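Next up: a single chain in structure tokens, the form predicted on its own.
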């Protein structure tokens, strides 16, 4: 109510359905005539690894001394089939760099990541578009990615790789192919992918060589012959029908399976896919573990998890739930300088701020990471970036080993579901981990004493 001569009271709407961002999205689509595209990861809030806590040793077991007792972090990918893989991928840490293409990232970023992960004793992955020679030179261990598009596919590059990753899909945009907008298709990128310069690239979604598990099994044997039975073969799956997909993947004869949760990031994807497709990493890990256990392949096929892994605590929780290794992407880019408070005026030109930038798709990265612009790329010094990445990985592994030792474990791979408790009903239901303070879990499938 207002008195005579007073301004009317402004009442703000508080609809949970027609929120301000929903209204802006509709207005943008009405103007553009298409859906919106952006980079980075989902903006949805899903149950996450934050909703699990560790149970360190007290009276029931002894913790290990932090500075006087060792905790092993070495990891092997593809060691379960010595008759088929003569050179498994040996890593000093259970963390490697997930697939990010040259195109999505610039040359300096690829070099810095290669050097940083190599110094930490780990590996990087080429992503779509073929092998960048600068990345091969910078990376002690390099995983070569094969995608349905076959961009940059080269037999000699396959033979130069330390592992091969066949992409079935990715967590950020499952069921669709890669996307690289024209502003990032430079002459160098176009030459590697046999594309016209400056034209949007949409990758194929289905591999031309196989339609199902039987065909894929043949393709894997072809790759083994082409690499003289030396190289591990990895399958990358989006986290969708995890239990069934993992069982089928394991039966193709691959050496490792990556399950990529919906929190996984991308350089460019339709917004609606980022927010409304796939399932969270928290739910995907135990589902994948159960799938391998049910067919007797757990411990034989390496289980790798990616999608929203931010630090050593997240990685330790993933290992405790059943992963053998994790792959990170965005965390490594942030360590490299993504969203750093530098060149603030360029963030403003994109309509954003340091710490909130998600404009990877534009090619106008203020810190020179997700760009093909030579002037912007020059802002990233590969040597300086490599040291930052190495430091971050060192800190990650410190966090993992401190947690493992506090739980009485001398190997990070000995972390198990029994070391965890859930602090939300959702996390307990998704993982089967018992709720903190009680001895039961939500749902019929449980791990540990809650079972």
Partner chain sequence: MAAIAGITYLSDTRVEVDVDVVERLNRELRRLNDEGVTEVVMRNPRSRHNLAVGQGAGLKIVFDGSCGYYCGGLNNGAVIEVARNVGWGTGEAMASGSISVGGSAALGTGAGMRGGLIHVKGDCGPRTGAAMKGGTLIVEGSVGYLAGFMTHAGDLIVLGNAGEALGDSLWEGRIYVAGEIRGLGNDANVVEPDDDDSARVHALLRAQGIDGEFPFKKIVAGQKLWYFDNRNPEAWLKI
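As the structure is a prediction and not an experimental result, all values here were calculated from the model. Numbering follows the first chain given and starts at 1.
In what follows, reference is made to the form predicted in complex with the partner chain, a form of this protein that is not presented.
With the partner omitted from this view, the residue of 173, 193, 141, 359 that lies near the partner chain in the model of the complex is 193 [heavy atom within 4.5 Å]. Interface residue among 215, 275, 90, 373, judged by heavy atoms within 4.5 Å of the partner chain in the model of the complex: 215. Taking the partner from the other structure, the partner chain in the model of the complex has a heavy atom within 4.5 Å of a heavy atom of residue 210. Remark: residue 221 counts among the residues lining the partner chain in the model of the complex, judged by a heavy atom distance of 4.5 Å or less. Taking the partner from the other structure, the partner chain in the model of the complex has no heavy atom within 4.5 Å of any heavy atom of residue 378. Of the heavy atoms in residue 201, some are within 4.5 Å of the partner chain in the model of the complex.
Only one segment in the set 295-303, 151-159, 101-109, 314-322 has any non-hydrogen atom within 4.5 angstroms of the partner chain in the model of the complex, and it is 151-159. Residues of 19-36 placing a heavy atom within 4.5 Å of the partner chain in the model of the complex, in sequence order: 31, 32, 33, 34, 35.
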